[in-house]
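A lone chain, given as structure tokens: the form predicted on its own.
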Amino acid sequence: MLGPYSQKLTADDHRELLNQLYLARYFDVRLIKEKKRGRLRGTLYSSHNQEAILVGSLYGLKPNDWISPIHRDMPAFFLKDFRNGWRNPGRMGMTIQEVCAQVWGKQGSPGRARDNWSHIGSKAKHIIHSTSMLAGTIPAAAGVVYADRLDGGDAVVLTYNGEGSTAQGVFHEAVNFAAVHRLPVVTIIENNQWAYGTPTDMEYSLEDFARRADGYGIPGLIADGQNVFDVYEKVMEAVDFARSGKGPSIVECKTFRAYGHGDHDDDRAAKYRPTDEVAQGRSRDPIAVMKRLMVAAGTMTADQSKEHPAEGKGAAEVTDADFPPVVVEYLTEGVEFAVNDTVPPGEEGGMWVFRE
């Protein structure tokens, strides 16, 4: 049953959400294939099977809201404000060309080839720069919206964090600060069951990481991370709570990491994670869940749900024919831009290192 926020979504919203799920999945598998073809170097951090968290949480934001993604959230950089047009140059999100150039380490990237993954951001697009210090961006996010409030703004910030990061001191210091000052910070915990190679029962003594919120007197919500409608529902509840001046919330999204921590960990992950656990964790593919809900809501027919069967397939099995053509075309524009882009001139080596 859809909640009050999800009930307001139209049939067009449903189709847009599904296409965004497809796009986030295609971004992931396309990069894996490009690397196997030898056209891409560097480490990849897969968001496969976790796409509903990004799509559902971003969909209801206002353009001026801020986001603070982490390494497993790479699609968030271009999905932000996606409802205002995939190719809209005024959209408050990065272009697919910028994001792909970042992955390929080319000069068209926001980071000017200083990294090949998520260490980027944009003050103009209201995206807080990602770092490797998980939970370390929460205090920065709190500061951003604190300044916004002092300036009379109404922006909310979403911060994304793995469940393992909630054990760090900076996580608690930042959430406590946000709670004391009633700052509009929504902390999303992507509980994908593993903090690198550490299972959740070795990370926390309780079943639900949302209970971290109880010690700070703030809401701790739990969402089905495989159900884009449920993620949208819980995040919108937290966003409205924050925007009304009531303060921060924690939203735990329960999901499962399809591959290793990064592609460098895939072989090792196959040994430390039981095969049946992986199969069970991947059994509720977000695309398949979305299709079933659309059929139940009457916004998709059973025959239409059989089209573009990307769900339930790994990167090795899926093909371009399993995705809507509009998705393949859009991402291909970014990939080809990045492949054909140049690297920055060597003279840029000291740029941003020293202040002249």
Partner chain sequence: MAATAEAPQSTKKNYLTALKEALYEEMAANSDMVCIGEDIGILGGAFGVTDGLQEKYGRERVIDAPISEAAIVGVACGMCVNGKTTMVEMQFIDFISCGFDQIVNFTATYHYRTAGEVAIPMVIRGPAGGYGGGALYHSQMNEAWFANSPGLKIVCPSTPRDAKGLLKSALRDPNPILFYEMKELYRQRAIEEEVPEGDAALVPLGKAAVRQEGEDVTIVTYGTNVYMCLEAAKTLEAEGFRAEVIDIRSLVPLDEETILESLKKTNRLVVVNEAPRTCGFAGEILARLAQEAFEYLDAPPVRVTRLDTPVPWVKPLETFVLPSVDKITEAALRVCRY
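Positions refer to the first chain, counted from 1. A quick note: this is a predicted structure, and the numbers were derived from the prediction, not measured.
Same protein, other form: the form predicted in complex with the partner chain, not shown, and the subject of what follows.
Residues of just one listed stretch (166 to 174, 85 to 93, 72 to 80, 239 to 247) have heavy atoms within 4.5 Å of the partner chain in the predicted complex: 166 to 174. Highlighted residues Tyr259, Val278 and Ala316: none comes within 4.5 Å of the partner chain in the predicted complex, counting any heavy atom.
By the criterion of a heavy atom within 4.5 Å, Thr137 is counted among the residues contacting the partner chain in the predicted complex. Of the heavy atoms in Arg182, none are within 4.5 Å of the partner chain in the predicted complex. Taking the partner from elsewhere, Asp151 is found to have a heavy atom lying within 4.5 Å of the partner chain in the predicted complex. Residue contact check for Asn192: none of its heavy atoms lie within 4.5 Å of the partner chain in the predicted complex. Only one of Val251, Val156, Val99, Ala142 lies close to the partner chain in the predicted complex, with a heavy atom inside 4.5 Å, and it is Ala142.
This chain appears without its partner; in the predicted complex, the one residue of Gly121, Gly220, Gly108, Gly162 with a heavy atom within 4.5 Å of the partner chain is Gly121.
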